[in-house]
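Here's a solo chain for you in structure tokens, the form predicted on its own.
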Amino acid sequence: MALQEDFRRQEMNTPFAAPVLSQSRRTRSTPYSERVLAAGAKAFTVYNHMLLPSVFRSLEEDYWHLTEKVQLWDVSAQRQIELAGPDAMRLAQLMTPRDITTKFDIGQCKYAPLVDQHGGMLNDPVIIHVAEDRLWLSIADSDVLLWAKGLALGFGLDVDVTEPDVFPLAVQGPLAEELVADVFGEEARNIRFFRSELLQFNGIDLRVARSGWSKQGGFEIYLDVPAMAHDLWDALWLAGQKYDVRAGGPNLIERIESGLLSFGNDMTPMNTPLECGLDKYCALDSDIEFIGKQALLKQREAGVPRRLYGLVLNGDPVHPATAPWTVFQSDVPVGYVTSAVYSPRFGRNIAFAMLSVDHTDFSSTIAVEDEHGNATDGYITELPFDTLALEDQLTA
């Protein structure tokens, strides 16, 4: 309520020199939102119809703190789609080319692209095996709930498809393990990467996974008791004072440096997992049944026409890409930039770009024109960015 009142005051008192976000029941706040505002959130984005904090002090200052300390991220917008029932695993397997029917222990997490009948990407959740015949799809920004419900009905599956009230809180950064162990106990240190365990907080079992949308290390706490949100935040905040804890969120600089792709930006339903470099998550030669299998097999046989690459761009710091930027090689358009940012660590602009395989030459420079007609040049790299190679080129 306080969050809604804060936005309402901004709407009433701001002369619209700076736009504000108009809230309604369609754009939901979260159980942590009051704490997020108190921590100084300066910007939000809307993700799965929910507020997701994006900037606190500044994009760059948040970045340096994330790579050196520890942050609390309100990632409630990372909604959970629950599949429960005898056919839960079959439904999940129909949705993804990754083989999730074998070697998938309870508590384990698996990254899994979801595709349609044409092999186009619909989402790229982490699937969590929370219990026998029960899965959570921890989704990116698209309406997977409707797709899953439609498939369950169309295939006549014995499965309930719901969006439970689960509100993830991420603890990210090199000191994340210390902080989570202080609050949840030493057993938190034993959780392996992409595994989860039930750990107690105030006498309640909460699912804690070693995961998160950064390469700095950390955990995600899946709170399914919304009334405990402030207690959970406050406990982590208080214990984190000795680690210089701050509020944060998925950071554009850190994710591009780390090669983390964003659904809706770097991959859309117009792209297949093969084009996005997700080949290892596509079990095309197995016996599993999934929607889009024939389309992906056909594309692999014909040859993938385009792929995601990295770019290093010259010139002044770029602004984040809000529209595709055209990439040229020898004055010929060869693709487009999907995400871009200035890297303070390397002192260069770095970007992801979807480029034609047949017309991409690593030995030649490229030119890029943004949505405002501004031009710069640079070169192509493989993904993820090779840090040592990048440093060598910058110091040569």
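All residue numbers are counted from 1 along the displayed sequence. Worth saying up front: this structure is predicted, and the values here are computed from it rather than measured.
We do not show the form predicted together with a small molecule, though everything after this point is about it.
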Although the partner isn't part of this model, could you tell me whether residue 78 comes within 4.5 Å of the small molecule in the model of the complex, counting any heavy atom of the residue? yes
Using heavy atoms and a 4.5 Å limit, would one call residue 98 a contact residue for the small molecule in the model of the complex? yes
Applying a 4.5 Å heavy atom distance criterion, does residue 247 contact the small molecule in the model of the complex? no
Spell out, yes or no, whether the shortest heavy atom distance between residue 222 and the small molecule in the model of the complex is within 4.5 Å. yes
Heavy atom within 4.5 Å of the small molecule in the model of the complex, from candidates 215, 134, 230, 118, belongs to 215
From 72, 140, 92, 276: within 4.5 Å of the small molecule in the model of the complex by heavy atoms is 140
Out of 104-112, 286-294, 159-167, 176-184, where are the residues with a heavy atom within 4.5 Å of the small molecule in the model of the complex? 104-112
